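Quick setup: one chain, the form predicted alone, written in structure tokens, and binding and motion questions come after.
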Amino acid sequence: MAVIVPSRKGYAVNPLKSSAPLGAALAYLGIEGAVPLLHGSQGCTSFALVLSVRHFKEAIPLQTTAMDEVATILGGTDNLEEALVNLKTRMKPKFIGIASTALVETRGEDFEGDLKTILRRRSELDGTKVVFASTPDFHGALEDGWAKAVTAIIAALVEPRSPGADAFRQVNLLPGIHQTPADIEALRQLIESFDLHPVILPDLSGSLDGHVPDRYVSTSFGGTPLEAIAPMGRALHTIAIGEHMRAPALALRDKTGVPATLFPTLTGLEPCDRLVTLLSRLAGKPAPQALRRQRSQLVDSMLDSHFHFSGKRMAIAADPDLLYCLSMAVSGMGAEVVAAISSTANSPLLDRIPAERVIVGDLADFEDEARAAGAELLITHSHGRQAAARLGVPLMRAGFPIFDRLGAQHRLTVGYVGTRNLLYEIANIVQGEIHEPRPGDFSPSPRIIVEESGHVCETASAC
């Protein structure tokens, strides 16, 4: 069991975490025809927008209520109302997801009450679903904001299950924010291979998977259709990924009665086997032959790559669920996690991370720990590249944001194929650091230094 070391610093030297409002905005972007709206200043939104655009290399329809000094003191209801009406008039979204920021949360307004009043008196907003999630910057990080947004969507849009209603061959999938669009698409295909119908909330595989639409769309293009959210209560089962998705899964279960299973990670042989077993039971059929072959390929890749993991000292910095996922994957292959840095302490999984201790801190702590432990590989997002350069240690980019490499949204790390890809990627980085010996590295007459009784000699005979 790892020892959790809380942060004792009053500031972050090199921040590891991104804010909760950004996590909520990304969740809202997984809804078809959506516009995320950050209730706060323009600076809060512009920073989140820059990170999102640099990571996904896509146009992100992130909007703001543009709170100024006067609105911050007197209240932001008028700004919120004006923003909603303007978005409805200009962008015509099907869905508007509101996420609060620290600026307005500090004042302590009744956001949900104000929103109900606005929706009641402004008929212009009819026909657009509006959801609010409380996500102050000073509490939590990406995972927390994502989970709160998904919980708010479930509370507002999912219909309770009718008594006596039959369950369809439908499976609800609640992916965590650490799943890429490629991960979500792979999970969809996995569920469909058992002749089950997946309903994914939120679904970034359709909205942020990096495709070119055939027409200009001012809102999110793709994602979970609104008409698919309401009947989530008719599913056979709900699958949630990551500890931060426990609250949304429980909210859906309590509202609809649909049983839920939470997977801490879907990277690795054992977690994948558990998922396949569950789907096989739900579908009442064995795993497809193609899936069995993928499993065999993963086992072979583990045999091929374990030489490059065994004994390697690795340092990882990420949000809690991603930290758990990556550390379990590399430690299971024989690597040693010598430094584990978490962005927050908001996860019971932290004490299960295979490391002596988990530090809740920033990338400055990450660099210090990696240097002291003699790490041979760093794993974190793109903001860790300076630490890697100073330490002279290779960096594998993981998490959010990744802005100095292309294709982050297409990286696959879940399931048999995703686990295989991840192991090969790490093994290749380690293997690339091994330099072949050259003739100049060897001396034709090596000198042997022998020390006896305090006297140093060039050869043993000389002593």
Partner chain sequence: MSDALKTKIADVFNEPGCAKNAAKGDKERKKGCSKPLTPGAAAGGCAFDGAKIALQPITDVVHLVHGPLACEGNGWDNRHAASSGPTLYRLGATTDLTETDIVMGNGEKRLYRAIKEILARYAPAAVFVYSTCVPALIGDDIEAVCKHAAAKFGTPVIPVNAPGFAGSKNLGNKLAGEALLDHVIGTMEPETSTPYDINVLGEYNLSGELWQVKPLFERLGIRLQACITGDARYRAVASAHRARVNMMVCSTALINVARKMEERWGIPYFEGSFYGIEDTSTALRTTARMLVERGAPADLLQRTEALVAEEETRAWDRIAPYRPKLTGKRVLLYTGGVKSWSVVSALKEMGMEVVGTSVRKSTAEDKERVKAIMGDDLHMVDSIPPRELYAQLKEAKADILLSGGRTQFIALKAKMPWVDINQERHHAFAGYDGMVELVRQISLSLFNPVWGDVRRPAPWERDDPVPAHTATSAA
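Treat the numbers as computed from the prediction; the structure is a model and nothing was measured. Positions refer to the first chain, counted from 1.
Below, we turn to the form predicted together with its partner chain, even though it does not appear here.
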- Message: Although the partner isn't part of this model, could you tell me whether P213 comes within 4.5 Å of its partner chain in the predicted complex, counting any heavy atom of the residue?
- Response: yes
- Task: Please check if R295 has a heavy atom lying within 4.5 Å of any heavy atom of its partner chain in the predicted complex.
- Result: no
- Message: Taking its partner chain as it sits in the predicted complex, is Q289 near enough to touch it, meaning that at least one heavy atom pair lies within 4.5 angstroms?
- Response: no
- Proximity of L103 to its partner chain in the predicted complex, heavy atoms at 4.5 Å: yes
- Task: Report yes if all three of H178, R405 and N428 come within 4.5 Å of its partner chain in the predicted complex by some heavy atom, otherwise no.
- Result: no
- Query: Tell me, which of N79, S305, T151, Q170 has a heavy atom within 4.5 angstroms of its partner chain in the predicted complex?
  - Reply: N79
- The stretch from 67-75, 184-192, 267-275, 372-380 that lies within 4.5 Å of its partner chain in the predicted complex, judged by heavy atoms, is 67-75
- Query: What are the residues of 1-30, in order along the chain, with a heavy atom within 4.5 Å of its partner chain in the predicted complex?
  - Reply: R8, K9, G10, Y11, A12, V13, N14, P15, K17, S18, S19, L22
